[in-house]
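What follows is one chain in structure tokens, specifically the form predicted alone.
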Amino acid sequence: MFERLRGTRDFLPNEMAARKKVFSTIKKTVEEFGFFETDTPAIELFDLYSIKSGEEIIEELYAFEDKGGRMISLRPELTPSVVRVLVSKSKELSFPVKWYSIPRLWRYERPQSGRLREFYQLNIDIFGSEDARADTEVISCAIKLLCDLGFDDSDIEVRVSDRRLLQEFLLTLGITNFHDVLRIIDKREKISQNDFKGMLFDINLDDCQINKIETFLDSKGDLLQSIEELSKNHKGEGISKVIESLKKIAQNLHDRGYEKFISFDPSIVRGLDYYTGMVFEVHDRKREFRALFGGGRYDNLAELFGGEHIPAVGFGMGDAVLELMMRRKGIWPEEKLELDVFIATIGNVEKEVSKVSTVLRDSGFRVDFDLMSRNLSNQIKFATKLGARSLLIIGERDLKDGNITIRDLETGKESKILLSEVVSSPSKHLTKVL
């Protein structure tokens, strides 16, 4: 007997029903923000990721040589693919564009709680705008969709920073190898303080520089207040420009009523190499789980793909941690099947079942009927397992008078109705009882 591969999941129909509700809520919220759905191939050329993504993702690629001798990879993330499309179609598009998708992705890593080898991920991106309002729009969409799923500010925290802020600060300390420093800072919460300092020593930073970096990274708090403090304590054209951008984001989020969700955390740098400006991560308040998701601004990626300069901002949210958090809070949808109508039969009524089921389905009802020649009692038991709301009983005896029976499977209440009325106007006669 075959078993599924490690780090993958099977979903039974009842499980898919719950997942579909979650995804439908997410799609509804994202589309309320004016994002339009896209998709890309599940396989891409290996170079799309080997050149553009961070080292961590490169090590996790499901990559192989195809029959044409090309190195290809299953997509580990969506942004490079979306940017590839963007560059190829840029002359046809009107900017800014707001795109989203919920693709299936693959990364070969050690499976653990909230981290799988195959998973779904919501991706949203705004291309073409450098305005801080685009950053705010992305963060606001993230907060709104979590609220629509049942979370509130007591559950989640959105930690915001800007890579340029940290880079400018490092330059004031005489540090120029800031990409090496950023990679180490990105690991800070996962390692001990001694290991963190040791890694910085290994790239030739001294005690004074390391102490100042730790002090700067610990300057966390309310976004607006923290930005005000930074503007007082750190001067210079470069850092002032970044502070002004963060101030606009903070004020805009405050105007939208999302300030309780937001905090400033300069240690947020994100692991991917292509982030260029504002970055953010979303965590549960109790820190029981890994980051729910994160994102930021990546203004140079289109140019790396041979296109013109197209500023961009977005985020990706995996479904594994989201499900764990929703289950912990008790807001994951009930995993049950749902059916509008089950048609139970008594005697030789196949012709009538075919006609009624077709008419009901054409009217948008979800309909099933017995395929196993069960007796009525077992048909009703089966209908209940399918989550049917109502039962239509079509029997030879009732048909002599042109009737069928409708039973509410929750209350057990029954009524008779003419078969001809159901066939001629099913929505009119069945909506009230379904």
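When you see a residue number, it is the position in the sequence shown, counting from 1. Computed from a predicted structure; not experimentally measured.
The form predicted together with another copy of the chain exists for this protein as well; it is not shown, and the discussion that follows is about that form.
In summary, the region of this chain contacting another copy of the chain in the model of the complex, judged by heavy atoms within 4.5 Å and restricted to 219-227, 197-205, 171-179, 79-87, corresponds to 79-87. For the residues 98, 188, 290, 270, the 4.5 Å heavy atom test against another copy of the chain in the model of the complex is passed only by 98.
Between another copy of the chain and the residues 274, 332, 151, 120, the one pair within 4.5 Å by heavy atoms in the model of the complex involves 120. Using a 4.5 Å heavy atom cutoff, none of 163, 213 and 261 lies near another copy of the chain in the model of the complex. Heavy atoms of residue 408 never reach within 4.5 Å of another copy of the chain in the model of the complex, leaving it off the interface.
Put simply, residue 397 is far from another copy of the chain in the model of the complex: not one heavy atom of it is within 4.5 Å.
Using a 4.5 Å cutoff between non-hydrogen atoms, residue 386 counts as a contact of another copy of the chain in the model of the complex.
Residue contact check for residue 312: none of its heavy atoms lie within 4.5 Å of another copy of the chain in the model of the complex. Residues 28, 31, 32, 33, 34, 36, 37, 38, 39, 40, 41, 42, 43, 44, 45, 47 are the members of 22-47 with a non-hydrogen atom no more than 4.5 angstroms from another copy of the chain in the model of the complex.
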